[in-house]
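This text opens with one protein chain seen in two forms, each one given by itself as structure tokens under the names structure 1 and structure 2.
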Structure 1
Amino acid sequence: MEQIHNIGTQLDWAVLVIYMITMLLFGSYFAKYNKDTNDFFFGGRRFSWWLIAMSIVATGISSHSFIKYSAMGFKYGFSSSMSYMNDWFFVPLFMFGWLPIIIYSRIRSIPEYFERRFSPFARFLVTVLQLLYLIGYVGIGFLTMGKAIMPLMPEYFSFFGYQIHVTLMGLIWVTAAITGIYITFGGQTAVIFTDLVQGTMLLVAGLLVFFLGISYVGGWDSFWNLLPKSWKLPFAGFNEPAEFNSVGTFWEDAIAGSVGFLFMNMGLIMRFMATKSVHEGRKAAAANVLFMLPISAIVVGGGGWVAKAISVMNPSIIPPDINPDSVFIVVSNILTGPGVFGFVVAAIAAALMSTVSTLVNAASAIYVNDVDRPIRIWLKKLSRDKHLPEKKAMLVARISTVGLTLLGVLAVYAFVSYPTVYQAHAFFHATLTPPLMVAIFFGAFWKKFTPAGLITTVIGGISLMLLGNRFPYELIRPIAHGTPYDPVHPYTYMSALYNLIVCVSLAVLTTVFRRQLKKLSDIIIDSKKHFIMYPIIGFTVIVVVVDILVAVLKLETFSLELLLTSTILASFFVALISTHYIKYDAERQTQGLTIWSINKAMEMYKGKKVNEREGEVVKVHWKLIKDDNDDVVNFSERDMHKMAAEVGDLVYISDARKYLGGLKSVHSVYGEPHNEDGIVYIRKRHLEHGLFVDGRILIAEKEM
């Protein structure tokens, strides 16, 4: 395939550079809103639904979306939108199940949920998987950005007589440096507000290219008639070709990818955790699936569709054998003039920065909460009931942001061998999401799911997944729905189905037979033959290590039958070992942490019984109490009556200017009332976090 270089003009470069500098300054501006790690990671949990919905668009439409869906649109037509529209049926489970659980449990990371729900060891396993997932996702983002900018670059620069060749990895290192600076200082608030700008830019850019393309080929009728018949179909072929088919897209994208993205992507979860309430989070999720996703499908795929029409009309302008990953950039350059093309490329940069900054911020949150803190506790540098001083925690957060950005660049090397970004992304989803997805789903929706079930799912499931990766023809082909076997990248999509089957099977079997496992464990305890557990543990460790070596080094030392039998036996031992050693109180550790106890979760969130009476939103002026810094605010009796509030209820106060989206706001608790109607007394801490402006009216509403 032809690699494009030197497209665009100096004006395009100027637009791109100005955009990059503007975003750096814009992101850095919001550093003043980062008073503590709660602000840095969760934006103070203060924002309105529309701001979060727009931010989700910017995060969901990553730079890889423009590149990979345009590539698939160019090769296969409207069916490229399949993978963008196939996750709506899981959204209600998120809105009414997982979202209230993560908000009301006040967790700071997904691994923290797993410690409360299961055990510290479960938290450790999930932390490892989460970091691998997020860093891998960052790597995909950098790879896409490099491929997007590459066509603009010359083949080499001359510098004092030396030729410096422009390479993909060189470009990636440069873009990583810029993105790293922006997110290191701005935090979650910077991410959300820059997403507002970036989301608007990428929607405008994608629609602009699509409609200019239709005009270029002579209008809608001409565009429609130029497309081959198969390009007009809403679905790809059932099981062909190997690189893009309906059944593979469903299992990899709709199930492993989309559900994984919605439920286990800590970056997206943190975006919802930045909303001011669960209700606002639900509105953001609904707006996204009902309005934003259909528009986004056109935005990211339209470039490929019009490129195909132009290719049919005049192959000398867009050759049929063009590199698919370059097609969006090439068609944008053809359809737009100097400067506007720079805007389009800047929009792709916007997509990258919004996605990568989200993921790096999320990975940093997990590092601070689930790696740094446990290590300090283990080294006795921090007691379990205390937190790191905020100034020090912020420093750790920013340093970890830099380190995780570097790891994201290194992760690119794992994906560069794939012919398209779409296939690299599919392999990534299919490999990393199934164990975590099963763990989250069963943890939140199945009260009987036990620590043994989770740990067996992760350890045993990954071992069986490794065997599937090493022996795809033998293990995946029987369930591959007839999709062709690609010896270089075998069953990139259908491996998602195999991985889901092995993980779900282990989770269900371990949970269904939990009583039998407990009886077996009790027999070992009663007989005082604990030593029998040591060879069981040793055997299990050896099997897992062998499975890893066989998959990574492509060893042929052992037969599949031997490996499969020993891995299934080791999975049973993992279930037994977990049941034997992990202390688990099923009643206590499911309270407020499953969908079946949401009301209890609300009471735990508030700390007392929930006040469900409907109240009004009131407008008030604020006065500062300087000599008291308690986390309470005081309204008049009349205003509290309007809000149907009682002393001890939770309240949300924000600047009345709605276009701020909650930027200047705080959460607090109702204190004793006074008699000055229209006045709220706040403390110094509220002024520092809310950054309220003197003389500006506030609005207040009861939370619960």
Structure 2
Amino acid sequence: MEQIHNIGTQLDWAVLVIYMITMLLFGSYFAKYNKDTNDFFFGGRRFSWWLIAMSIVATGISSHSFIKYSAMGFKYGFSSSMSYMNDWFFVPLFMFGWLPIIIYSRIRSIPEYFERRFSPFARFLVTVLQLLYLIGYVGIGFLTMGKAIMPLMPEYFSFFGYQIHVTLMGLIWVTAAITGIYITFGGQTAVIFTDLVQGTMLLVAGLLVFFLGISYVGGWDSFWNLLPKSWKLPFAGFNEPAEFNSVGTFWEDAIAGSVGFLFMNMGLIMRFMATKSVHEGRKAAAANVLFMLPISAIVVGGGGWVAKAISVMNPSIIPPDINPDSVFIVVSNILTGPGVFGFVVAAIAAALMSTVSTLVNAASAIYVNDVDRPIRIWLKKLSRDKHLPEKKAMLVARISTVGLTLLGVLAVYAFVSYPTVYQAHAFFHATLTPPLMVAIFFGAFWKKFTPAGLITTVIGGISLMLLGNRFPYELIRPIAHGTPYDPVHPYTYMSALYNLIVCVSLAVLTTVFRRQLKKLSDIIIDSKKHFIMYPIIGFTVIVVVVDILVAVLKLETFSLELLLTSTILASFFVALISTHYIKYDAERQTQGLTIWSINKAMEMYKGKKVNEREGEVVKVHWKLIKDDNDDVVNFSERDMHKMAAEVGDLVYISDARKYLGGLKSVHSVYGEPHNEDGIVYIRKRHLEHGLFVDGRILIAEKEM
């Protein structure tokens, strides 16, 4: 395949640099809204749905989409949009299950949920998986960024007579250094607002390339008629070719990927945590999946589609054997003039940075909450009921972002061997998503799911997944729906189905047989033969280590039958060990933490019975009470009646200017009413967090 270099002009480089600097300045302006780590990570939980929806577009599109979907669009056609049009199936469970659970439980990270729902060990396992997931995603982001910028670069730089060759990994290291600086000083508010600009520019850039391309080939009819029939279908072939097929995409993307993105991507979850209410989060989710994703499918795939049409019309302009990962950049350069091309590349590069910053910000939140804090508690440097001083916590957050950025670059080495970013991403999803997906789903939606179920799913499931990776022909082929066997990257997509089957099976079996496991554990306790657990633990550890070595080093020392039998036995032992050692109170640890007790979760969030009466939004002027700093605000009796509110209910007050998207807003509690209609009395703390402007009208609405 032909590798492109040196495209673009000096004007394009100038646009790129100016754009980057503008974004950095724009982002840093919002740093003043970072009063504490709550603001730094969750933006003060105050934003409107449209701001969050736009931010999700920028985060979702930018990481890898332009490159990978244009590449697949060029090779396979409109079916490259499949991944953007199959996310609806899990939206009910997200909107009415996971979203309210994470908001009402006031967790600061997904692993924290697992400690409350299951045990500290469950938190540890999920922390490891989450960090791997996020760092892997950062790696994919860097790889894409490198591939996007590579065609602009010369083959080498001359420096005092020395030639420095431009390599993909070299470029990634340089990009990572720049991004690392940006992330370390940015906060969630800055990220959300830069995403608003970047998201808009991404949509403009992608649509611009698509429509210019249609015009270039002579209009819609000409475009449509140039393309082969099979190429215009919205789905790839059912089970072939190996590198892109419908059934594989269904299991890898519609099932594992959609859940991965919606339910367990901490970066995305933090976006929803930044919305002002659950209702607003639902609006953001619906708007994103229903409207933004179909538009995004055109934005990211359009470059590849018009490139194909140009390639059919005139192969000398775009050769059919061009490197697919370069297609978007090449076609953008052909269709846009100097300067505009710089704008297109700047929009992509900066937005790629925003995605990486989101993910590193999320990984940092997990590091601060789930690694640093538990270690300090374990070392007795911090008591369980206390938090690290904010200044120190911010320092830890910033240092961790540097470390996590470096790990993200190292992760690139795991994906760089794949022929396209699309396949690298698919392999990543298929491998890491299933155990976490099963853990989250069964944890949130099945109240009988126990810590033993979760731990067996993760440890036993991963061991069986490793065997699937080592023996794909024997274990995955029977369920692969006839997709071809590629010996280099076998069953990149269908491994998702195999991984799901093994994880779900272990989760269900351990939960169904939980009473029998408890009885067995009680027998060991009653007989006082605790020592019997030691060889069981030893055997289990050995089997898991052997499975890892067999998969990583591709060992042929042991037969599949032996490995499979011993892994299933070890999984049973994991279930027994977990049941034996982990203390679990099913009643207490499911209260408000599963979909079966959402109403209880709302009561716990509010601290008293929920007021479900639906009221109106009111407009008010604010007055400051200087001599008390309680977290209550006072409205008139009539305004409270309009809002259907009672003393003690939760209220959200915001600057009435809708375009601010809730930037100047605050959550509080209704205090005793007065009789000055149209006036709200606020305290100093509300003014500091809400940054309300003197004389500006506020709007207020009851939360619950």
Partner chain sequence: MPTFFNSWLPFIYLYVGGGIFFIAGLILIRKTKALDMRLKRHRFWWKVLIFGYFYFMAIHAFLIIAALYL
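By convention here, residues take numbers in order along the sequence of structure 1, the first being 1. Superpose the two forms; the largest set of C-alphas matching within 1.5 Å is the rigid core. Please read these numbers as outputs of a predicted model, since none were measured by experiment.
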Answer for which single form is the form predicted alone: 1
Once everything's superposed on the core, is Ser215 shifted 2 Å or more at the Cα between the two structures? no
Does the C-alpha of Lys623 move 2 Å or more between the two structures once the rigid core is lined up? yes
My question is whether Val693 is one of the residues whose C-alpha shifts by 2 Å or more between the two structures, given a fit on the rigid core. yes
Tyr670 CA shift between the two structures in angstrom, with the core used for superposition: 2.8
